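Form predicted alone, single chain, as structure tokens, below.
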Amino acid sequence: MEKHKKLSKQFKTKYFPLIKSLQTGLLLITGLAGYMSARCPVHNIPVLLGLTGSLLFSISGSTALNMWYDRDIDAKMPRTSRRPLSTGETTPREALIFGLLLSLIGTGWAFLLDPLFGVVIFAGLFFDVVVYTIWLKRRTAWSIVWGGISGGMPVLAGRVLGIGRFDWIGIALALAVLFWIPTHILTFSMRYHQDYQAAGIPTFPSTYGNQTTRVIIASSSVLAALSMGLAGYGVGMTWGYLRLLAVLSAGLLVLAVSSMTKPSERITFGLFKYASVYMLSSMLLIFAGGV
């Protein structure tokens, strides 16, 4: 019993923080929503378990690998300096093995479930770890575009698993996430501008200024709302669900425009928080509409 408690505590302190549970959970929900958008039955337990497990492992693995690679810059930012790799609670070797193991299990499981589904999952992991984190994050502010592509892969993968092919609805759902990413990330980079400067990470605020960044946030919010609405209509959501989706989108657009016309730290942080609520709620509506 004592050994079990010790192992459980060790996992909670050394490994669990590496997967960013809230971010992983949100991306997992988008994948489930993509699957349910094909009106797949929720009682198809083996497929749902396979979808959930493969996504959970692959997303967690890519996140752990990102934190392993970014451990040097995380140590320079007050916001991330308490992460286990920064404090020494977890060694780089432990984090690397953990991330690789989860990634291999997740992608392997995905390929066994369906080859095309596996390809999309692997593409998401590759774009996130190799293209975004390793290649571009420290070089250009535009790296978030590639991060956005990887963020759209879970919902696309779920849709592909549900219908067995690519279609315009899956692309629209992935684009909704891609366009949502700037709203989420750029507001965050404005709030923690000094952290990113200390770590030497190029961001839109440091490269183009806050006003241009706010215009990009407002524009991406409009495109995210339009893509989500188009996808909702495409999957056959009832007008009741579509109206709720429209209300959520209106809130996102009002905050985005307000951050551009009446900029303040309060509105910027409010938009950052609401963006996550918007994506979660929209995906739950897509999920409910497919039940």
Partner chain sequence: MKKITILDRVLLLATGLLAAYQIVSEGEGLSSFTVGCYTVAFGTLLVAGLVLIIMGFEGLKNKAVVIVSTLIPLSLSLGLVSENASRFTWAYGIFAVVGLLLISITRYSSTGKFATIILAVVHGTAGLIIFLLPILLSVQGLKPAGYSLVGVGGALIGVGGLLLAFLRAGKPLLSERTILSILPLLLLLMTSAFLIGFSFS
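Positions refer to the first chain, counted from 1. Only a predicted model underlies this, so the values are computations on that prediction, with no experimental measurement involved.
A second form of this protein, the form predicted together with the partner chain, is not displayed here; the remarks below concern that form.
Picking from 219-227, 234-242, 25-33, 58-66 the stretch near the partner chain in the model of the complex, with a 4.5 Å limit on heavy atoms, gives 234-242. Using a 4.5 Å cutoff between non-hydrogen atoms, Arg266 counts as a contact of the partner chain in the model of the complex. Of the heavy atoms in Lys262, some are within 4.5 Å of the partner chain in the model of the complex. Put simply, Gly251 is close to the partner chain in the model of the complex: some heavy atom of it is within 4.5 Å. None of the heavy atoms of Ile45 is located within 4.5 Å of the partner chain in the model of the complex. For the candidate spot formed by Arg71, Ala75 and Leu96, no residue has a non-hydrogen atom within 4.5 angstroms of the partner chain in the model of the complex. Shown without its partner, the chain has Arg266, Ile267, Gly270, Lys273, Tyr274, Val277 in segment 266-286 as residues with a non-hydrogen atom within 4.5 angstroms of the partner chain in the model of the complex.
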